[in-house]
Structures are given as structure tokens and as C-alpha cells.
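Okay, here we've got a single chain as C-alpha cells, the form predicted alone, with questions on binding and movement later.
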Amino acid sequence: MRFATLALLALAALAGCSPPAPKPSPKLAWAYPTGKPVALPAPPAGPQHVPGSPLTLDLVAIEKAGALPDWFPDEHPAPPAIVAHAAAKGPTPCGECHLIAGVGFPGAADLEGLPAAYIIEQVKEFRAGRRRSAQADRLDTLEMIKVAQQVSDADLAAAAAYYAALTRRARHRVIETDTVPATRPSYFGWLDLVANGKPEPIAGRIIEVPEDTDRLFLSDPHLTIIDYAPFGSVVRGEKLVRTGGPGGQACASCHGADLRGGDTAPPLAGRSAAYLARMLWDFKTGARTGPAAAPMATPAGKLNEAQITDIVAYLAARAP
């Protein structure tokens, strides 16, 4: 009995010394938006069109057929089924969140031009439980964990090869400003514009919103995403990226001199500021662990929220 009591006390002491669970910082709430549960808007009825596309599509019919809209099919090779078509009892197709063009969606990463080996590695990290979000209920991360557990290795390899073969394109435009459009957090992990809302102070945030919300929900891959950033953040971010900041490791040492990726490291230039901020905070807090995350532990671990904001503003402003 005495030994059992001592064992329980020892376990309690160890539990008391365990690190706190990862969670988002209130100062980075703009990167981890959390809104009340709502349904996604239904696709608009009738023929639809987006600028520059030769096609007119019926999104309702496409959705009923288990397919995804592909506005510019001549800009990429034929996608494998795992990217473009839903299968009964199968995982969500990659293009549902990342689009067939691979440019991503607010809340979901862009995949175009990422090394195939890196894509495969990261899906397996989700599968193994080593890649999580500091926001425990973050929907895109929970969906990726579910997909990673369902997708076959053959389908994963096909999707990775497809996205790796795509050419990266400019999708984000950084605008430094003191005031930003009024927004509210979406349940799905991005910021929604407030109709007729009054401009508000940027207050050290980055506000990432589509140039045209209607085109966003038509899955238009040519749509520009605007990243409103504080004045001076791009210049400050460039210095941190080049020197490595408090961690002392320049980003170029792994991600390439032009920040367009290395053999095993993903590109950083031209990517979503909100997405990159989440990744840095997830590394910092230990939400992302394991061998694949280890190289980022020191560089991200010593950054504060303001430095993360500056770094991602600079990276989003770079040409991909």
C-alpha cells in the first residue's frame, strides 16, 4: 500500500511538470480565427463564370456528380482521382480544400510546386499524430488527420506527384496600412469581411481576405488574396529572415537563397501570411513534433508574436 501511494505521488509530480498543452496566442488570433458554427454557403445555382476562363460551369451539378470545378484545365495536367473526385467511403479529395490548381484556400495550404517527398512526409506526419495545431479544434487540421488516416499510399503518391509538377504562381498581395476592412472570424478558420463594416485599426495584425468573396466561393484559382500588414513589417521581416532573428538561423539555410524551397524544405516565398504564422507558432509551441519538425524547433522557438507577424508579412510579399 505504501509503495502504491508513493508511485501515485511520483506520477502526480511528473504530471505537474509536464509542459502546458499548445494553444494559440491572443496576439495571433488573426491567424487562428474561431467563429460560431455555421454551414458553408451552398454553391450558386445556374451557370457561373470567372474572369479569364473559357468555361461556364454549373457548380450545383458538378457537386452532385462528386467532382470539383476546374476553371482552367489547360493550365495543369489531368489530375488523379484522389485530387478531383469524391469516392464513396473514400477520403475528401485534395482539391476540395487545396483546389485542383493547388493554390489553396483561406485556411488551407497551397500545394503547387511543393516537393513530392515533402507532401508525402507531411501527410504521414498527420497520420502519425505528430502534426497537430496549437488550436485543438482547428477544422482544417482535424480534416487532414482524417484524410491522412484514410488515403492509400498509392493515392498519396499520385497526389504528391501531381501537385509537385505544378508551377507556383503569385496569389498573395501584401498592402501595408494603418487601417483595414472590418472582419469577423469564420468557423472554418479564416476571416470574413463584414458587409458595410467600418474600417478599423490594424493594431499589429495581418488581415488576410480575398479580393472578391464571390470568386473565392467559386473556387477561382486566379483570385488574388490580400494580406493587409502593419507599416514597416515587411522591412523588419526581411531582416529577421536574413539573420535568423533570435534563433540565429537564416531561413535561406534550408529554404533556399530565394526562399523558393530546397530538396526537403518547402518554399516560403509568396505563401499565405496567416498559414505561415500558424506554422511558426505550431513549431514554437510543440504542436508539430517529431523528426520532420525538429529543424524548426530552435528557429521558431525563440520568436515572439510580433516577430512572427513581421516575418510572414515579408514572406507573403515575396514573388513565389
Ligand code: HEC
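Each residue number is its position in the shown sequence, starting from 1. Computed from a prediction, not measured in an experiment: that's the story for all the values here.
Unshown form predicted in complex with the ligand; subsequent notes refer to it.
Proximity of A316 to the ligand in the model of the complex: non-hydrogen atoms within 4.5 Å are absent; the residue sits far from the partner. In the model of the complex, the ligand lies within 4.5 Å of some heavy atom of E121. With a 4.5 Å cutoff on heavy atoms, E238 does not count as touching the ligand in the model of the complex; it lies far away. The ligand is not drawn, but in the model of the complex it has no heavy atom within 4.5 Å of G104. Remark: of stretches 58-66, 288-296, 22-30, 39-47, the one touching the ligand in the model of the complex is 288-296 (heavy atom within 4.5 Å). Here is the short version: of C97, A182, A164, I202, the single residue with a heavy atom within 4.5 Å of the ligand in the model of the complex is C97.
Highlighted residues R171, F231 and A274: none comes within 4.5 Å of the ligand in the model of the complex, counting any heavy atom. In the model of the complex, just one residue of 206-244 lies within 4.5 Å of the ligand by at least one heavy atom: G244.
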